[in-house]
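One chain comes next, on its own, written out as structure tokens in the form predicted on its own.
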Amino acid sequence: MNFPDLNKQFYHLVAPDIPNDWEVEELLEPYLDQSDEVCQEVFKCIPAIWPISSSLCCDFLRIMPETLKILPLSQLSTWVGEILDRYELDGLRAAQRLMRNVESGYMNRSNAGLVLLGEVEGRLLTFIRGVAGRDLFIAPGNAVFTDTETIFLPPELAVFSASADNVLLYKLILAFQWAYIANGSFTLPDPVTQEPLVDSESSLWLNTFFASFSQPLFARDCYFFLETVRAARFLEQELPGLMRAWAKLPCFVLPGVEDKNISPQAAFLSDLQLRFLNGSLLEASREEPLPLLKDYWHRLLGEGVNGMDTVAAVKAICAAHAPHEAEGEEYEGITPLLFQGEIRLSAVEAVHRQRFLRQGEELVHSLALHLASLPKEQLEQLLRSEEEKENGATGLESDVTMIMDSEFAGTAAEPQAPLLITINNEEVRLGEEVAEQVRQFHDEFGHLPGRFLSSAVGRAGKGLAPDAHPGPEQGEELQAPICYDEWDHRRKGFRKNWCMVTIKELPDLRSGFIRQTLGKYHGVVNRLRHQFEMMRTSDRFARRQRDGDDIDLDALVESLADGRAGLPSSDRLFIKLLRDERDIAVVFLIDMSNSTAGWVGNAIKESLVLMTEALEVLGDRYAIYGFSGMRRTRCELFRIKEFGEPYGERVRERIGAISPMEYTRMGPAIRHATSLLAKTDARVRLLITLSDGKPEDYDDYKGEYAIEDTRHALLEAKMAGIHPFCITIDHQAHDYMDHLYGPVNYIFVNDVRKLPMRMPEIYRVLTT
């Protein structure tokens, strides 16, 4: 094809966009040497790529002449589909890498049955979460294993010739890893203490158990294989359809050791593997050399066995093979079955510790809030007892006790027994939500450490001191307190230097909250990133310019006509492409009052996660602060992200550590955010507050006084050239929000569960 035809066809395909002529000429020049068929097939892809990313489309056109030397023309549309899928999943850079690595990536793939994890991850995630009834995660790994929160899978599978069979194999791997988690295979409790993990520093009991044998590797492999058989029996009852489908798959090749000189221990386990794959393992024939193992198979088929039965069977197997060990025959291990994977107790232990710390912190906070709501006399008695215990008093004990009362246990009015905690010999009955938290923690970790109760008493006691400052566990001060005025509407004037604002650091709290949220909103995050990427710049053509990127034909014709008519000719004969860069700075103020406890607080944190992920693509400058406190001398701002601070692991940890604190004195927080934005040079400056209720504090900062001070703080922000906006989930918001922000400067989200989806949408409307 000649250049005018190519040029005309290209502009038609990308209309109404008008790219630069010089750039288009550079893109199309290599196609002058291509056949009409090649040009038509390549140009067919432009309408699919250009609306999604013009940059990606330009790169596509640049590399296609060389790529077509490797890639058959018949596979072009399939390859483009994979590029766009990668763009939606991982962004522009990943899609560009896939295009450039066509020979090592796309062309080296076997077309017979190969399944990529990235292509089926969404389906697999839905499958395993539906089966497990909880948020498990999937990640590619160099081996199959689970840390009890994430299941690591091979990046691709091509075991079978049919892709559907390989997808089924992925599901089978997931099911077995879930069965280990559900059966507690990796978190068996100590038979003596009945606790799988004593505290955040201790090790899992299974590590100690394996280390007690002269050949720990053999003991570990025996245990893991028996737990795999138990997992298969579990899945036959829970997922019979999946197990029937597995039975119809072609037989796996046994990954055992082929060396004829293998140790008796390896031969023993390889034989068990073969019998398991052949379906003859649980027949418990008379030829079974170990009576205890024979009994194990019988019970597995009948009433079932538990983890401690497996432990007993491992002891019997190791004892039976002790003579071989005495002869110096070293066991070097065997390859596990593909769906079995590996047992990695170090990864399980790390996740268990993180969960222990995270849930422990949440539980202490909930207990402290509950204790703070007790009658003052009762709380003071607990504090006195705690002080006596610290001073060495004996006879004081703390415990968690289930109290069954025959008058109400099992009745419709109260079907579950209440939970009492005994703190220093004082009994305290827990509320329903806190009791459920205690039960869940106790079920998972086997105990409730006494220090949790002491810490909760200490935190609750801080509310009794009028000007007490929180300890390090509630955040360390980052700078000296700052004084702000407070508006008193009754005397129409300020109370000078009335409020003391302290900037604090949230405590480091490693948790899986961010990962769970990104998994939960996986598709939403990708869509938001794409939408916000499109907002980064706004391109427009300015005509009749003195210089520019192209000639303005209309202006040129008009200038020539003016010259012919004897009029002065214009020198504005060019078209210039202007890129309107965004110049926006925003501060997010997050309400951290105690009314945000529970799922309300989770929704607020999820909103922040989606918001920050989208803002990182957009490039707007932003800062995030939480606010709470008690009385005017303790107005606290918790730094989550500062202007200029990169969005990384520390910021994510701070978002995960956001938790309910105390009261909502909103005026000082707004004034401090205003001072931050006033120092920021930006064309648009936004102050967005996310709150679940009206301003209120422990002292006289209530009602009309609190509302008028907050309103005056917002007026001060407007006078400084800052646009305040509020997102509220308070059902009474209409009663006071019009007066505070004005009718168009706030929005009420009637269902807090919709907040994570609405917040990025609201921001997009505010800034475009």
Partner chain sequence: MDGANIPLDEHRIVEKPYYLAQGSEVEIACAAYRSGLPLLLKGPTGCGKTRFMQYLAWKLDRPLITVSCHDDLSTSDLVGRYLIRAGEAVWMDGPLTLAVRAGAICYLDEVVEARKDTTVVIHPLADDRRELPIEKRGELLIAPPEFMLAVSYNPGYQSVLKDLKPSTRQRFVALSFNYPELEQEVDIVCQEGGLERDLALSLVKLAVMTRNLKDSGLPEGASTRLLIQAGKLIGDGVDIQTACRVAVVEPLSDDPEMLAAVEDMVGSIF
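Owing to the predicted nature of the structure, the values given are computational and were not obtained by experimental measurement. Numbering follows the first chain given and starts at 1.
Keep in mind that the form predicted in complex with its partner chain is missing from the display, and what follows is about it.
**Q** Just one of 654 to 662, 145 to 153, 546 to 554, 208 to 216 has heavy atoms within 4.5 Å of its partner chain in the predicted complex; which?
**A** The contacting stretch is 546 to 554.
**Q** Are Q237, L242 and D681 jointly within 4.5 Å of its partner chain in the predicted complex, each by at least one heavy atom?
**A** Spot residues vs its partner chain: full contact, yes.
**Q** Though its partner chain is not shown, can you say which of R220, R515, H530, K171 has a heavy atom within 4.5 Å of it in the predicted complex?
**A** The residue from R220, R515, H530, K171 that makes the contact is K171.
**Q** Only one of G133, P140, P646, G81 has a non-hydrogen atom within 4.5 angstroms of its partner chain in the predicted complex; which is it?
**A** Partner contact (heavy atom, 4.5 Å) among the options: G133.
**Q** Looking at the partner-bound form in the predicted complex, is L277 within 4.5 Å of its partner chain by any heavy atom?
**A** Flag for L277 set to no.
**Q** Examine L610 and determine whether its closest non-hydrogen atom to its partner chain in the predicted complex is within 4.5 angstroms.
**A** Contact check for L610: no, nothing within 4.5 Å of its partner chain in the predicted complex.
**Q** Answer for L573 alone: is it within 4.5 Å of its partner chain in the predicted complex, judged on heavy atom distances?
**A** Output for L573 is yes: heavy atoms within 4.5 Å of its partner chain.
**Q** Should D583 be classed as touching its partner chain in the predicted complex when contacts are defined as heavy atoms within 4.5 Å?
**A** Yes, contact at 4.5 Å.
**Q** Could you pull out the residues of 117 to 131 that have any heavy atom within 4.5 Å of its partner chain in the predicted complex?
**A** Read in sequence order, the residues that approach its partner chain (within 4.5 Å, in the predicted complex) are G122, R123, T126, F127, R129, G130, V131.
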